[in-house]
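Take a look at this single chain in structure tokens; it is the form predicted alone.
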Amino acid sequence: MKRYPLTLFLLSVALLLLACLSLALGSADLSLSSLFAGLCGREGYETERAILLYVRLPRLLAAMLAGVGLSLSGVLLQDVMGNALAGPNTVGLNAGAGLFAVLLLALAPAAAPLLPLAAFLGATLAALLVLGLAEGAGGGRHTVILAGVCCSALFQAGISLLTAIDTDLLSEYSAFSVGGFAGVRISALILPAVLILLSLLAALLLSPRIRILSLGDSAATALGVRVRPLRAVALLLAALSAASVISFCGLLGFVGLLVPHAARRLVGPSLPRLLLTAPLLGGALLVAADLCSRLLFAPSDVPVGILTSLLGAPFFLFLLMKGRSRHA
């Protein structure tokens, strides 16, 4: 596709412009000159530097990283499972992270700073459980989806039970369950950034073989692909990427579902192209959503997860109705 390099270039420019706007606009708008002066640490711009380094820059980096990680996870899940409805929130990853977060708050409230680690472990273990159940039932693509839906329902039931027993948990869990970037520190982004980058590199290296899975298990096996191990590796990469995001911003819904579809509209079904396009698009989407959440409802800071749900829920219903009309 000849327009593919142009698409990458335009998405990169859009992301850069949105990043500049995110740094400049807020409760205290910064001019272009004060923005650069603050970033460079010039004398007399200490206030601007503090705003940039401790508030806006961490939020910007968190939004970009979350967009990359969730989009990567969504691309892998949809491609490996051959299901347009696959995403981190539809296969149990978000629910697993939420359950472990509630368990930590219930059993060790003083360990609340370990909430990101608990969420990371929950999402990863949820992926392993889904894989184990799917393998026990045959290991097919549709089996993985059904196992994810069942595990997600089970995890949500556990969350509901714990919050019903201890109502104080509900208020502590609510901010995490919506998802957002307020209060994120750059130090909390280092490990997730490394894990997401490694997941992206591994996905790119495996993309030619992963793409063969879309032909179906029988055809892929005939072409020499070891289907189950490859599917397991791809799903674990998707889980690692999504879990890394959940660890610092909570349960952002529908990004991993929405962005891969939009990326396919731009560059087609080629997996290597999607693995580069979707993260750029996801980063731009979440930077724009975070900017809107700060500006449209100022002085209130609305969690960005509310905006992504408002965008994603209608799109999810659209995909359901589209799939139903095809099988009618």
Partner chain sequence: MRRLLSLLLLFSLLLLPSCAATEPPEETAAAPKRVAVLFSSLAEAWQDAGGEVAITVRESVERGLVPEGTPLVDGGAGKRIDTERLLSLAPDLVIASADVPAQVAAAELCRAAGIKTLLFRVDTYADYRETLRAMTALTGDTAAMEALTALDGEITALLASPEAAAARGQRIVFIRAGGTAASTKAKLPSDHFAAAMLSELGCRNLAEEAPLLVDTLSTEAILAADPDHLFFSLMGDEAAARANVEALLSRPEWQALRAVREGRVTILSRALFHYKPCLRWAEAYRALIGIFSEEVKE
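Here the structure is a predicted model, which is why all the values come from computation and not from measurement. C-alpha atoms forming the largest set that superposes within 1.5 Å between two forms make up the rigid core. Numbering follows the first chain given and starts at 1.
Below, we turn to the form predicted in complex with the partner chain, even though it does not appear here.
Novice: So in the model of the complex, does residue 39 come within 4.5 Å of the partner chain, heavy atom to heavy atom?
Specialist: The answer is no: residue 39 has no heavy atom within 4.5 Å of the partner chain.
Novice: Answer with yes or no whether residue 225 is in contact with the partner chain in the model of the complex, where contact means some heavy atom within 4.5 Å.
Specialist: No - in the model of the complex, heavy atoms of residue 225 and the partner chain never come within 4.5 Å of each other.
Novice: Whether residue 298 contacts the partner chain in the model of the complex should be assessed with a 4.5 Å heavy atom distance threshold; does it?
Specialist: Yes, residue 298 lies within 4.5 Å of the partner chain in the model of the complex.
Novice: Test of understanding: in the model of the complex, would residue 229 fall inside 4.5 Å of the partner chain by heavy atoms?
Specialist: Contact check for residue 229: no, nothing within 4.5 Å of the partner chain in the model of the complex.
Novice: Within 4.5 Å of the partner chain in the model of the complex: all of 85, 147 and 253, by heavy atom?
Specialist: No residue of the spot touches the partner chain in the model of the complex.
Novice: Only one of 205, 157, 190, 164 gets a heavy atom within 4.5 Å of the partner chain in the model of the complex. Which one?
Specialist: If I apply the 4.5 Å criterion carefully, the residue I get is 164.
Novice: Among the candidate stretches 255 to 263, 61 to 69, 274 to 282, 24 to 32, which one is within 4.5 Å of the partner chain in the model of the complex when only heavy atoms are counted?
Specialist: It is the stretch 24 to 32.
Novice: What are the residues of 43 to 59, in order along the chain, with a heavy atom within 4.5 Å of the partner chain in the model of the complex?
Specialist: Heavy-atom contacts within 4.5 Å come from 47, 50, 51, 54, 55, 56.
Novice: Once the core is aligned, does residue 47 move its Cα by at least 2 Å between the shown form and the other one?
Specialist: Yes, shifts by 2 Å or more.
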